[in-house]
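In C-alpha cells, the next block holds one chain alone, the form predicted alone.
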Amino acid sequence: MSDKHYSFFGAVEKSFDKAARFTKWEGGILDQIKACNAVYQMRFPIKRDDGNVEVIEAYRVQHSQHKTPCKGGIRFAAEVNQDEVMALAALMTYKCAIVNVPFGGGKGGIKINPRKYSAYELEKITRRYTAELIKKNFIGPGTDVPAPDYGTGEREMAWILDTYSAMHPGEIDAAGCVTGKPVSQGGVRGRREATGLGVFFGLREVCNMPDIMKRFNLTTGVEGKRIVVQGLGNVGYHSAKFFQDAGAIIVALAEYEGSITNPDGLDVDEVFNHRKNTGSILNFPKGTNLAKNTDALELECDILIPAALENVIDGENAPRVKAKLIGEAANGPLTPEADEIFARRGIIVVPDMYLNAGGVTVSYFEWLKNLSHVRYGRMEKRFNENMNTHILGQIEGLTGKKVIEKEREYILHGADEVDLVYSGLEETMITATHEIMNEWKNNPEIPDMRTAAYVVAINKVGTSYAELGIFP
C-alpha cells in the first residue's frame, strides 16, 4: 500500500501488529489492547462574530480504560478527523504505559483553523465542546483528563476548567479535570517546556550509550552533535533550545513557510525573535534560506528532530535523509514505509510514542498536584535549605576551608517545584530509554527501536488486562 492511502490509525495498527508477535499475549487480549474503547463524534452550532451560525465538527476518543482516567490532548486544526484522533489516542495508551504513567489513552480534536477565529469565538467553541463532553461523562479528574495539543494552550485549558467547575459546583478535585493550565489556575511549573525537555532527555540518553554511538563513529554525549529541527512551535523550540544549551549545534531550522541553515549553528532565540518580528524564519541575517521547507529534512546532520505534524517523512523522501539518529518529537512524523527504509539503512528512529512523553509525564505531575492540593516543594524546601546550611557549616568548621560562592548557592538550594518536575521527568525518560533498549538488545529479531517500544507497551497493558480479568 502506498504512503498516500495510509490511514494514521492504520499505521499505528501496523506498528502494533509488527510488535505483537514478539509478545506472549493471545489474540483476544491483543485485539482488546488494540481497539478504541469509545469514540465520541459531535456536531454543535456556534454563532460567529458576524452573526452567522457555523456547525463545528469535534471528537473525543477514549482508546483504553485499562487504567483510568484516560489522558490526552485536544487539538484545534482544520485537518482533524476521526482516524487521526483515534491514532493519537492509541499512541497515548502506549506512551503512558512505556513511561509508567497510570493513565489510559485518550485524545480530542476540533476541526477548525484557530487562526480564522477571534478569541471570543474560540472561547465559545471550547466551552461548548467541554459542555458536550460533560453531558456524556467524557471529562473528569477520574474519567478523562484533556491537555493542550496542536493549536491549543493554557488559555483553552483555563476555559475548560472554568466550564467544568461551573457545572460541578463544590467538586473539590475539579482542577484535576484538565492539565496544561496556567500556574495560577492549578497548573504546574515546567509544563510548557516539558515535551521539548523530554525529547532532550531521551535523545541525550541514547547519545550516552557507547555501543550506539560507536555504530555511527560518534563520540558519546550531545556536545558538538549537529542537529536539524523541523517545527519551531512549543515542542520544536524547547527541544532545540535545550540541545543548544547543552553544547549541540543547531545547523538548520524549518517551519511551514520555509527553512534556513547555517553550518556553524543558528541561535534558536535569535531565529525565534526574527520570526516573531517578521512573521517568517526566512531571510534570517545569520542563516541561508533553503529552496523548500522540506529541504532541511535532507541535510547532513547527526540528529534530525521532526517536531511538527505527522507523515512529513515517507517512502519518497526517506532515502534522501542523511541523519544518523531521528528523534520523533511530533506524533507520527514517519510513515511505516519510512520506518522500513531507515531500518534497512541502519538509521535509528527514536520513536514518538515515548520520546514526546514529557508532556503527559508532567501532566501526570500536575494532576497529582491538583489531587493533593499542595504545590511541590512547599513542605520540604525550607527544611532542606536549613539542613544543607547546617551540614555545610559543620564541614567548613571541621576543615577550616570555605566553599566558593557559586558552589555554596548550589549546595544550599532547596528544590523548587520546577526543580522537582525536571528531576521527575529526567528519571522517567532515562528509565524508559533503558527499558526499550534492553528489550531491543535481548531480542535480536526485533527490527527497530519503535517495535521494541511497542513490545514494552503491549506487555505492560497486557499485564494490566490480565490482572484485571479481561472483562472487569
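Numbers for residues come from their place in the sequence shown, where the first is 1. Note that the structure is a prediction, hence the values are computed from the model and not measured.
The form predicted together with nicotinamide-adenine-dinucleotide (NAD) is left out here; the points below concern that form.
Checked against nicotinamide-adenine-dinucleotide (NAD) in the model of the complex, the candidates A330, L203, A240, C301 yield a single residue with a heavy atom inside 4.5 Å, and that residue is A330. For the candidate set A343, L309, L371, M209, a heavy atom within 4.5 Å of nicotinamide-adenine-dinucleotide (NAD) in the model of the complex is found for exactly one residue, namely L309. The stretch in contact with nicotinamide-adenine-dinucleotide (NAD) in the model of the complex, judged by heavy atoms within 4.5 Å, is 228-236, chosen from 343-351, 96-104, 317-325, 228-236. For a residue to qualify, one of its non-hydrogen atoms must sit within 4.5 Å of nicotinamide-adenine-dinucleotide (NAD) in the model of the complex; all three of P148, Y256 and R275 qualify. Residue contact check for R191: one or more of its heavy atoms lie within 4.5 Å of nicotinamide-adenine-dinucleotide (NAD) in the model of the complex. nicotinamide-adenine-dinucleotide (NAD) in the model of the complex is approached by T195, whose closest heavy atom lies within 4.5 angstroms of it. Taking the partner from the other structure, nicotinamide-adenine-dinucleotide (NAD) in the model of the complex has a heavy atom within 4.5 Å of a heavy atom of R115. At least one heavy atom of N293 is located within 4.5 Å of nicotinamide-adenine-dinucleotide (NAD) in the model of the complex. Taking a 4.5 Å heavy atom cutoff to nicotinamide-adenine-dinucleotide (NAD) in the model of the complex, the one contacting residue in 340-357 is N356.
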